[in-house]
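This document opens with one chain alone, in structure tokens, the form predicted alone.
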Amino acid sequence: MSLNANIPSGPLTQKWEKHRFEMKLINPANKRKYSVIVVGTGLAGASAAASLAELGYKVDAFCYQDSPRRAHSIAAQGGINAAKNYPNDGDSVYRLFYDTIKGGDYRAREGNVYRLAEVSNEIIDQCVAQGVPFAREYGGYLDNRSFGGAQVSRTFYARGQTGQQLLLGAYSAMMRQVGLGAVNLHARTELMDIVIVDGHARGIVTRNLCTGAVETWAADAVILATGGYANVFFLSTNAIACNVTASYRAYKKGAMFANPCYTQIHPTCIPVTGDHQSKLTLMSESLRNDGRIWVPKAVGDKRAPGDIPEADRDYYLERMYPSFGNLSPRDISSRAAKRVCDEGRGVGASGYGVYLDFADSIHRLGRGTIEERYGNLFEMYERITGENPYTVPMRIYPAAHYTMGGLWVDYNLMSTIPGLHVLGEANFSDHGANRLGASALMQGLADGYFVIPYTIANYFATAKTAKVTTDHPEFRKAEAEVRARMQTLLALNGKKTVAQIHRELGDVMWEFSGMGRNDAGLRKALERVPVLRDEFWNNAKVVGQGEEMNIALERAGRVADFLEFAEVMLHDALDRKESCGGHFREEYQSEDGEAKRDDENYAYVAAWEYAGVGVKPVLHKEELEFENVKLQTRSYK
């Protein structure tokens, strides 16, 4: 396979406009002749389905939730970036582009990132027109707040529920098309495999989660908008059902997986409290606008936070990174928290926690202002912990959150399988080695509303593939493979639950490929994961039948994929002998503990080709070219 990113030629600021003109079009009457499958109905999937149906394409949209409104995009709290420069504080499209490239530690494509920054302003206009209730200033103008990795206020928000409000906007646009008959919505339906015909993605195999029925679906193109894979760590901020299966099925069918080791650790999560937890809860990064992060200066100081005077507190982010302080990027803030906790200065019963303190802001602004900005987040924290953050500091600690890696796509968002397009978090394209806060919602909506409607038309106009139906032998073959895999899972009658094995996998991945990684640890993990996989296939227990609602079977299939995919992540982390963004190899750091990149040898996208279960995948490299941004040491001090 060869990697051609299809980045348009010409000046950076003109690439997207030039490309839109040069791509081939489909006239309105002919659009009705083409069908598209969209898997996933979060921000990327719902916006894509709505936009493509509005243009006239026939769309089948699939989600495993009971309603698209329950897609995991709903969990995003803090906001969405755009370069509107409403506060008049120096923002611009170019500055958003630069902050994103720098925030990703110079491991993202310039062309894709500039396009993202360029269309960000259109996203806000689109969402306002849909009625998304963004926060507004007293005079009625849209309000902005700051986020990590930026020195300007460019984040639009709806209290602490921005993802929910944006998803409702995209959902309403899609459901309008459902009402018009342009989108066929299939809820409680999970993708089981991709169908390839003559080298092109032409359909999918699904399982109805209520009845267990296995079905096949044909189309002229397939879009995956199925999110990330952070649940490989077992405990993450993701919903329990979030998984890698759709992406991994595509990978096994020939779609390369890019930069799988780039996983983001979010610095403001409620700490782990015991084995009873099946997921972790995120406290929005927006809280770092008004909250100050600190730990005691003395090792082992177990006094209540209110009993520790200012002189005995270490506001370590403000001390270590004075230019950005508490709004330092996520990867840097997470490692700093780990460092002070490893020194024995962590708070809480476990010692793995730091304080996020709002006392100064409440004194300066008043409790009413803080309630207006973050009230629902404070209420959520108190319900989970039993502590009132208006009177005592929150306790937070880093946790697995977002995945910058994903299926490799070109500038047109098409994978190495022609006709298979990948949107949002499921692709790798825009965030490099570390995503800036409030950019996930931006990318999902950019891909769905403003990129794929152009690029999929170009695919249809140039591919000119013949029509196929589900009677094609490749559909029958794929369906038979899915049924056989289900029967193998249902035959498992061991002594361990799937959740137990998943937790053990998560412990291995967090310990050896979490915030800190090293050669010895990664090699140990590569020894332990195959053992866990063997135990899964020999000692796991899956109850129930296939032709019925069976949550145990659902989870078993997803964990089975995690047990294979984890090795791909580990090989990528071991192969990349540098530190960059969320990938922190302990052997490659500066004297003051900062990430040390190797631009001479590793300024590339690592795209991995499937070679078999338990076999090291084949590495392909897409060299990154920096013509507009100078490669330099990333500093927020």
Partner chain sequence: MKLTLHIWRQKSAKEKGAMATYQVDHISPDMSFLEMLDTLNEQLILNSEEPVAFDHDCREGICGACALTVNGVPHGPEAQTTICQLHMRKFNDGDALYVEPWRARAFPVVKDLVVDRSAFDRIMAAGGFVSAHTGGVPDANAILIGKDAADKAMDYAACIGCGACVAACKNSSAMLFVGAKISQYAHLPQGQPERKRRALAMVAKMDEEGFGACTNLYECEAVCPKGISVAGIALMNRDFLRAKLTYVETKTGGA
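For clarity, a rigid core is taken as the largest C-alpha set superposing within 1.5 Å between two forms. All values derive from a computational prediction rather than experimental measurement. Positions refer to the first chain, counted from 1.
Separately, the form predicted together with the partner chain exists; it is not shown, and the next lines address it.
Heavy atoms within 4.5 Å of the partner chain in the model of the complex map, among the stretches 359-367, 295-303, 542-550, 111-119, onto 542-550 alone.
Of the heavy atoms in residue 136, some are within 4.5 Å of the partner chain in the model of the complex.
Not displayed here, the partner chain is approached by residue 172 to within 4.5 Å at the level of heavy atoms in the model of the complex. Residue contact with the partner chain in the model of the complex: residue 64 places a heavy atom within 4.5 Å of it. Though the partner is left out of this view, residue 51 does reach within 4.5 Å of the partner chain in the model of the complex, counting heavy atoms only. With the partner removed from view, the residue among 477, 319, 496, 483 that has a non-hydrogen atom within 4.5 Å of the partner chain in the model of the complex turns out to be 496. The partner is absent here; in the model of the complex, the one residue of 457, 182, 152, 168 having a heavy atom within 4.5 Å of the partner chain is 168.
Looking at 351-390, the residues that come within 4.5 Å of the partner chain in the model of the complex, counting any heavy atom, are 380, 382, 383, 384, 385, 386.
Core-superposed comparison between the shown form and the other one: CA of residue 387 displaced by 2 Å or more.
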